[in-house]
Each structure stands twice: as structure tokens, then as C-alpha cells.
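There is one chain below, alone, in C-alpha cells, taken in the form predicted alone.
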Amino acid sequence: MTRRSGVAVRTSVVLVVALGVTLVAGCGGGSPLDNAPDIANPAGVRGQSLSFAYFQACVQPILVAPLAAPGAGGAPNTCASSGCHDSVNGTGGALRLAGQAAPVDLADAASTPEAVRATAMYRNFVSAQGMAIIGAPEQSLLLAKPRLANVLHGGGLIFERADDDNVRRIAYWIGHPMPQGQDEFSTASNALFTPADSRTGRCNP
């Protein structure tokens, strides 16, 4: 390569770099050489959770109760039965339930969050919460499927009326999440009972 051609190549490179900087500036991004040395991304916001106490006292009993499908004419069945959502032999999609899940005594000092999260009752809670859009009961499959609300359900219609007590309890649970930043064991659960005590109060609504 001659000296002259080498100068031409170097000149072309400088022109391309200069043009690139000009184009970036023209797009509103400024020069890539004046970016801040460190970029601080905002901290992630933790999503809300539903109440474990309300689930155990007020929703779990619905999932293991014998429920007769309106007009089906057959014997009542439970959501947690082997033909439906049983965690071992069920054929009912993502919702998985241990029908014999033992209650958890939340007043026991041994019932730490870690201990509770290892129980079958907690696994039922997680599975049911996974079928809910927190804060939006009507859009949640946990309610939409047994009501056949624009979605198919292998078990058919279970809750015919919107004012069914079971529907109201599930909707109340989904519609009253724990405060932002508080977990599923928050004492805010007490407000979901009357009187306001998750151990002695009755299930709202």
C-alpha cells in the first residue's frame, strides 16, 4: 500500500466515526462519549400477595367441600378430588390441591413463614393464588372457570349465581390483597374477618 492510499483510509475512518457521532446526536441520544459512567436502574417493586390466613379459613373449605354441579344430576364432588384437581391424580390443569392438607396453627410460635411454606396447606394456597389475578376477581380463572364465564371448565358449571356465598368469599379473597410490600402472613389479614381477628372472626363478606 502506498503512503497516499494509507492516508486516504485513515481519513475515511475519521469521517465515518464523525458521521456516526452526528447521526446519534441527531436522534436525540447525544454523543456516546458523554454518557454517565454508571447507570442506576430503579429498584424492582415487589408484587402483592393474597392472605394465607383467609385462604386457609375461608377458601380452602370451599375447595374440599362436596359441590354439586347445577343440573348435572350426579353425586357431589370436590374440587380436590382425583378426577379434578387432586395434586396426585387430578386431570384439571394447573390448579393442584391436596385434599387432606392439615390446617396450620398460625398462633403457634413454631409456625414460622419457612415452616408454613413447607406444608401442604401452603402448596394449596400457592396453587390457588396462581389462578388469580390479584385485585381482579372477575378476571381470575379461579372464579371464571367454575362459573363458565367466557372460559371452558372440564368440571362444568359449579357456581350458577354471582351471589353464591362461595363465589363471594373467593372474590373477596382475590379482591383484598395484602398491602404493598407485606407478605401473605401480614397482620392486615385480620381486617378480612369480623371481628378483626383471623383466629376467631368469621369470614368476610
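All residue numbers are counted from 1 along the displayed sequence. From a predicted model like this one, the values you see are computed outputs, not experimental measurements.
The protein also exists as the form predicted together with a small molecule; that form is not presented, and the subsequent description refers to it.
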| item | value |
| --- | --- |
| The small molecule contact at residue 68 in the model of the complex, heavy atom, 4.5 Å | no |
| Distance check, residue 133 to the small molecule in the model of the complex, heavy atom within 4.5 Å | no |
| Touches the small molecule in the model of the complex: residue 91 (any heavy atom, 4.5 Å) | yes |
| Exercise: residue 169 in contact with the small molecule in the model of the complex, heavy atom 4.5 Å | no |
